[in-house]
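Next up: a single chain in structure tokens, the form predicted on its own.
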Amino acid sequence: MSTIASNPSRRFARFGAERWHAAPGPFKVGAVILATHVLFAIVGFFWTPYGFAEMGAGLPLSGASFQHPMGLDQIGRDVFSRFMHGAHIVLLLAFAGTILGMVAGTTLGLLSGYVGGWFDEIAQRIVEAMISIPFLALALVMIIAAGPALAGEPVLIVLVVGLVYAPRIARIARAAAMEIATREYVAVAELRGEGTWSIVFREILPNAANVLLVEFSLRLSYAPILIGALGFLGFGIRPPTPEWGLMISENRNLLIASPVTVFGPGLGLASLVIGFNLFTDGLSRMLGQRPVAGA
């Protein structure tokens, strides 16, 4: 029995190894970088050398040392501990915001592309209006409109990221739905009397999955930049929670006196974005899709 049971697991392992070896180089490099970030975030969530808000961990503005690999900031907080704790914050905000934008944008785009008519016209005018506003400007408008009660709350950042990306995702989903809606199996589903929601989510969505998966990865690669920019400008997570963009902003005046306090979170943010971009590029090659960069 054990031999029989082990055969499927061996075949699965062999299949996984073959797929990994056949994967494009950028996909492998990106996957390794992202796996490193995830591992680092998990460790940082459960353990850091010092408390992320602990003051007096050493002499303020001390440089890098064995005890403090990224030095200390102006009030004696260990930058490496703050960097470790902030890793899971960046990842969670990026994933949650992108998932929210994916759900909203995919639903709107698929319905708009399939239903057409006045619904499509109204939806696309709203989408075009939102897309015409730059990422950061639209995010700042939303945060200001939310008011001081929600300022600095993680839920607001997630909502902002999701709403900023939803129109761009909707445009890609709409284009995919318009192409798929002309196929025979959709016509057959209509003849069977299936409703709009059933056709959209049972017939169109599965066949648009490859396009949407690449779009999800692409938006996920942009999310840390947007979150970091908001934190740098003071519109992100409320201090003393260590978000990497906020850390760069807090320590930017120390660039000459203690550059490692800025380079640490800066390199972390840059490597995360590079990892997502390489992963997306490799994924698009594997799935035969081309990501719409900068859309």
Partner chain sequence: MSVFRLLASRILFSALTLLLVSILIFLILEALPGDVATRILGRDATAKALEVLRGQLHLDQSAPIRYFRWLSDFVRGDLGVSIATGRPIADVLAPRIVNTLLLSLFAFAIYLVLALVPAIIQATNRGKVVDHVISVITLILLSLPDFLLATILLFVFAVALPILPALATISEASTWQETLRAMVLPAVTLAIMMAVYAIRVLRDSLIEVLHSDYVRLAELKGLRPRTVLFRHALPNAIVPALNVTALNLGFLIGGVVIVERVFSYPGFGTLLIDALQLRDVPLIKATVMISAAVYVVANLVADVLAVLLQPRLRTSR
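Bear in mind the structure is a predicted one, so any value in this text is a computation, not a measurement. Positions refer to the first chain, counted from 1.
Another form exists, predicted in complex with the partner chain; not displayed. Remarks below refer to it.
Heavy atom of Phe216 within 4.5 Å of the partner chain in the predicted bound form: No, Phe216 stays farther than 4.5 Å from the partner chain in the predicted bound form.
Does the 4.5 Å heavy atom contact test between Phe235 and the partner chain in the predicted bound form come out positive? Yes, Phe235 lies within 4.5 Å of the partner chain in the predicted bound form.
Hey, in the predicted bound form, is Leu205 touching the partner chain, heavy atoms inside 4.5 Å? Residue-level check for Leu205: no, no contact with the partner chain.
Considering only heavy atoms, tell me if Leu283 and the partner chain come within 4.5 Å of each other in the predicted bound form. Looking in the predicted bound form, residue contacts with the partner chain do not include Leu283, since no heavy atom lies within 4.5 Å.
Heavy atom contact within 4.5 Å of the partner chain in the predicted bound form, the stretch among 66-74, 53-61, 225-233, 39-47: After filtering at 4.5 Å, what remains is 225-233.
Since exactly one of Ala129, Val155, Ala209, Val188 fits, which has a heavy atom within 4.5 Å of the partner chain in the predicted bound form? Of the listed residues, the single hit is Ala129.
Which residues from 68-95 come close to the partner chain in the predicted bound form, meaning a heavy atom within 4.5 Å? Not one residue comes within 4.5 Å of the partner.
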